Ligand SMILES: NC(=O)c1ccc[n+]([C@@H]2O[C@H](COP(=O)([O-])OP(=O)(O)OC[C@H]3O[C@@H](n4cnc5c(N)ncnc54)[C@H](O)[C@@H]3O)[C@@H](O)[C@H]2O)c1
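Only one chain comes next, encoded as structure tokens, the form predicted alone.
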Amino acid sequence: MNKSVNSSQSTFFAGKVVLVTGAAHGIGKGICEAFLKHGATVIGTDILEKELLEVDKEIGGIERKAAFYTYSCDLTDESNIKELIEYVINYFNRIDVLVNNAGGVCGQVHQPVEEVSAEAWRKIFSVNLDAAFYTTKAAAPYMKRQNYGRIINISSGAGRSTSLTGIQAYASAKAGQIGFTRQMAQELGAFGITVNNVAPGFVLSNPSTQKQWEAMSHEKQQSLVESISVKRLGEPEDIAYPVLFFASDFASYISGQTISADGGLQLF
């Protein structure tokens, strides 16, 4: 745990307690850094304990006006999720923002649908959709008690259209997460809780996305970049910024929505 003061940091989210899942690298790490820079108290969680400790050393050790904490957790295990949320409540007495970022393709690459095993299908659903359900289910009662909450799910352009790399389970799980976002927005809105979604484009942010990128031919890589309006792949901070917007009071009248943070890859 690290807690120190630097007056140059923004206090926009001062007093807010933010839980970010999938914080051990890439987009999750970038989201943690963004909230820290704007004064929040941030808890980053991931099953990758060693990598999470490295993140703690890297961004928790920098002088900040806010505090960064880490908690290793298997987000596919509902009992682990309950323990995580209890830790947050017992330690901080509230949870203001939940960012369901944990997910990914679990190291998988495209296979013809007839070759996809049930185990491979379920693994992707477990990490991408089940985990978001478990964390939302566990955090919602405390947000209701506060009559305030911001839940931001991180889906994918695959959930709004199709998977660039043809992974059927990933596209389906992310589409399901977008549907879950809409349903939770309707259910929780009366309690002062908004639920929104950020759909990233292709971001080289972790070993799985690097593996996907390397599985493409050079020609396909170039074609992908050329198909993006801004002519570049995304960076973690490109995803963190719309997350900050949804978590802010500027978005207090916005719920059930999805922002595509993809550089103009999918224009709809």
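Numbers for residues come from their place in the sequence shown, where the first is 1. The model shown is predicted, which means the values in this text are computed figures rather than measured ones. By rigid core we mean the largest C-alpha set that fits within 1.5 Å across both forms.
Form predicted in complex with the ligand: not shown, discussed below.
None of Ile167, Ile95, Leu84, Leu75 but one reaches within 4.5 angstroms of the ligand in the predicted bound form through a heavy atom, and that residue is Leu75. Between 179 to 187, 132 to 140, 108 to 116, 148 to 156, the stretch whose residues reach within 4.5 angstroms of the ligand in the predicted bound form through a non-hydrogen atom is 148 to 156.
The ligand in the predicted bound form is not approached by Ala173, whose heavy atoms all lie more than 4.5 angstroms from it. The ligand is not shown here, but in the predicted bound form it comes within 4.5 Å of a heavy atom of Val127.
Asp46 belongs to the set of residues with a heavy atom inside 4.5 Å of the ligand in the predicted bound form. Contact check for His25: a non-hydrogen atom falls within 4.5 Å of the ligand in the predicted bound form. Shown without its partner, the chain has Pro200, Gly201, Phe202, Val203, Ser205, Asn206 in segment 180 to 207 as residues with a non-hydrogen atom within 4.5 angstroms of the ligand in the predicted bound form.
Fitting the two forms on the rigid core leaves the C-alpha of Met216 displaced by at least 2 angstroms between this form and the one not shown.
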